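The chain below stands alone and is given as structure tokens, in the form predicted alone.
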Amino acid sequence: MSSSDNLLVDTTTRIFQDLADPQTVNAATNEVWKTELWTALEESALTLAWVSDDRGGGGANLADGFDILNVSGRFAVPVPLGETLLAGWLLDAAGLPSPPGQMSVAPARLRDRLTIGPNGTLSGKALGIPFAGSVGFIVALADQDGMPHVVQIAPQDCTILSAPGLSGDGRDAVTFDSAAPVAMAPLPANLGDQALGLMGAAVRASQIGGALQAILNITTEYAQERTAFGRKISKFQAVQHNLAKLAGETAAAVAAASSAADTIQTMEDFNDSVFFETASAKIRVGEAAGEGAAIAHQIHGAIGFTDEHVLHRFTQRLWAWRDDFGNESEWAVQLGNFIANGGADELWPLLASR
């Protein structure tokens, strides 16, 4: 990691520590802190880090953005930072300027499809859209005459059915029928029609990796403090075994997410390598999210589910993030089809080249 990368991570960490510490946020009686946090993130050019300088963004490379997302996962921050980064990336890729403020993206499920009609308006419905009811714009990928287009839509021009989702951050159903885009442009051909799904999966993989790192620290500290039968529970062999397993799941998730991020950073287009790495990462971090949350709650016992304890802030987001942009089962099917279509002779060269 270069000195500039360290500076970016340190800046992001400091903002979250000052304005979004999980304990402070958990005890907050209002959401004023969200406004202060978002203002600080915007002023530091972190929300549009993936937007080029000439379009008013931070001009950071993709690796920098994934570092920001890992830090955001470590704080389980309930603001649409990942979604806004992703929306800005889509707009910038299509040559469109990014507006200030919070954004979300659609579709967030692999099977949902949006289309653009002859009159230029959208049609279709997308489920599970994060923060759709509270952002300034939704940036969507929609098909027009067989070509994917990036469209920017005002939420008030859509029909939004609000739902809290597992995390409480909102996983809304959005109907786009007859919605007129504020801006629209074709997506570059080198990205392909899976661009949003792959980038979204990589975004969530980075956030899950960060959240698991935080969960490992929280759970280890708790085990070293909690006493049962006259000694710290960290002294019990069963607890030690579970902590070791949690550490293994965390390390695997972070490694898989980092590998996908590195591949996306180094490739000029979304080729087979990007698909293979990103699909594999989303599968592995999804498995780690399930195992890691279960272990953390088992060690904490009932207290981990209470509103007073911060653990639930992380695990609930793990459960939500693992389903966004394709869960492990959906990506496993696609990855299996990809391997089968390549044939047995191509499998080992593919694995050996990683």
Partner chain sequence: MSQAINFDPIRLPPEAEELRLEVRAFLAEEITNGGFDPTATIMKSGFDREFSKRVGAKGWIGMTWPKKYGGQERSFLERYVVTEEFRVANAPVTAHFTADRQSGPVLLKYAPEHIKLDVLPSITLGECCFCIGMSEPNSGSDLFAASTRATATDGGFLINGSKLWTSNAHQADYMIGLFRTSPCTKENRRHGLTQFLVKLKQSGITINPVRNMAGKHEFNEVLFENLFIPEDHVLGEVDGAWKQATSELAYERSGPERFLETFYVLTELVRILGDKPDARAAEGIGRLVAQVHTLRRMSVSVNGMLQAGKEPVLEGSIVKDVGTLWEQALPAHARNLSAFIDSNPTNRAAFDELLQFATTIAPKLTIQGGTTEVLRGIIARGLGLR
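Please read these numbers as outputs of a predicted model, since none were measured by experiment. Residue numbers count along the first chain shown, from 1.
Just so you know, the form predicted in complex with its partner chain exists too; it's not on screen, but the next bit is about it.
Shown here without its partner, the chain carries 255, 280 and 328, all of which come within 4.5 Å of its partner chain in the predicted bound form through at least one heavy atom. Only one listed stretch (257-265, 159-167, 189-197, 175-183) carries heavy atoms within 4.5 Å of its partner chain in the predicted bound form, and that stretch is 257-265. For the candidate set 220, 144, 134, 121, a heavy atom within 4.5 Å of its partner chain in the predicted bound form is found for exactly one residue, namely 220. Within 4.5 Å of any heavy atom of its partner chain in the predicted bound form lies no heavy atom of residue 109. In the predicted bound form, its partner chain sits within 4.5 Å of a heavy atom belonging to residue 245.
A residue is said to contact a partner when one of its heavy atoms sits within 4.5 Å of a partner heavy atom; residue 271 fails this definition for its partner chain in the predicted bound form, lying far away. In the predicted bound form, at least one heavy atom of residue 351 sits within 4.5 Å of a heavy atom of its partner chain. Residues 213, 216, 217, 220, 221, 224, 234, 235, 237, 240, 241, 243 are the members of 206-243 with a non-hydrogen atom no more than 4.5 angstroms from its partner chain in the predicted bound form.
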